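Included below are structure tokens for two forms of one protein chain, each presented in isolation as structure 1 and structure 2.
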Structure 1
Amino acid sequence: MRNILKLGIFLLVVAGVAGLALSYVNTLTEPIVISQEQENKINSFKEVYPEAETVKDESSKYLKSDEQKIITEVNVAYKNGNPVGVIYTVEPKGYAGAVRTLVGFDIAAKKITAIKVLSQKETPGLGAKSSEASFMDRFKGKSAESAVEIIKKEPVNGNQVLAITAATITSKAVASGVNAAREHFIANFVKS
């Protein structure tokens, strides 16, 4: 009985010291992690909508229903106090889980400014190429007024986008995210 108590207390002390050490390191690293994530977010906003002066998260205003599951965030870009662009975060389902993508729109031009794949778990060498600039650039400047279509040969008309070779599912997933954002953008930000 005494032995069990002794062993228990010893383990308690070991775990307690370990816990203290962990919480101390956490207090040191947590602020760095948070500010880094914030900075990453701002930098990636700049990439999809370079002209933004300030970007405000207005998800609660524009995403009322739970039906819009693909769109997870709506950020509005302002310049001189006026909304000029919209940056969506979309999470369409790819071949192996969500493909988190940022999609930027320009309100005046009704065009896609750029897209950026933030994170994906697609097959290395195939679907993972979706986060390379060569694929993301194919969406640049597409009109927001008609749906973006993924095709397997060289695009002929304006809103067709060439798929990644051997990764059609991933390409279509990215396009479906872009299209979901596009529909929401037309419905909410373009005055007809």
Structure 2
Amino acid sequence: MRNILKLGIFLLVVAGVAGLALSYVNTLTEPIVISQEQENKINSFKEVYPEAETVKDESSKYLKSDEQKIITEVNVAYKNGNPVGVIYTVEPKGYAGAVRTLVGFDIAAKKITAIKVLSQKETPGLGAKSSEASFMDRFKGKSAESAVEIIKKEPVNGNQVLAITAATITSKAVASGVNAAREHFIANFVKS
């Protein structure tokens, strides 16, 4: 009985010291992690809308609390102090969870500049292909004036996008995020 008590106290002390050490290391690395996340975000914005000089988070201005929850962030791209593009962060539900995606629009051209899948938990080799350039490039240059449609055969119309083979749910999830961003873009940034 006495050995069990000693062992229990020893394990309690070791766990406490390990917890304190882990907390200390987390405190030291947290600013570095936040800085790297911010840098990655800025680099991703440059991929989606490369012509922007500055990008400002204007979510509080453009997102209302009662709106759909697919759009999580609205960033406006500026050049020479004028808004030239919009970059949305959307999180539609895919096969295995949210597919976090950036969607860029050019205000003057009313077109999708690019999309970038930031994170997804889709099936490796199938839905995970949504984060490959070969799929994301299919959205470039599509008109913002009509919805993007996922199809299983070669596209014949301008806003049709070929689905990833055996990953239609993921393909449609990405398209639903793009379309949610497109509707918001048309409603808030396109002047009739």
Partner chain sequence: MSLAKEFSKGIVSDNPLFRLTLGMCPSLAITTSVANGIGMGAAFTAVLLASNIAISLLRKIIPDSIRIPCYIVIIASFVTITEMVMHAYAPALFKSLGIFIPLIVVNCIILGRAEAFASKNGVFASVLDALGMGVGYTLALVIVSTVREVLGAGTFYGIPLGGASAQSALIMILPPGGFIALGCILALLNKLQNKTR
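Numbering for residues begins at 1 and runs along the sequence of structure 1. Between two forms, the rigid core is the largest collection of C-alphas that superpose within 1.5 Å. Quantities reported herein were computed from a predicted structural model and do not represent experimental measurements.
Between the two displayed forms of this chain, it is structure 1 that matches the form predicted together with the partner chain.
Considering the chain as two rigid segments that shift between structures 1 and 2, Ala98 sits in the same segment as Ile186, judged by which superposition fits each C-alpha better. The smaller of the two rigid parts, set against the larger, turns by 27° between structures 1 and 2. With both forms fitted on their core, the C-alpha atom of Ser23 sits 4.1 Å from where it sits in the other form; this compares the forms between structures 1 and 2. The Cα position of Lys6 changes by 9.6 Å between structures 1 and 2 once both are aligned on the rigid core.
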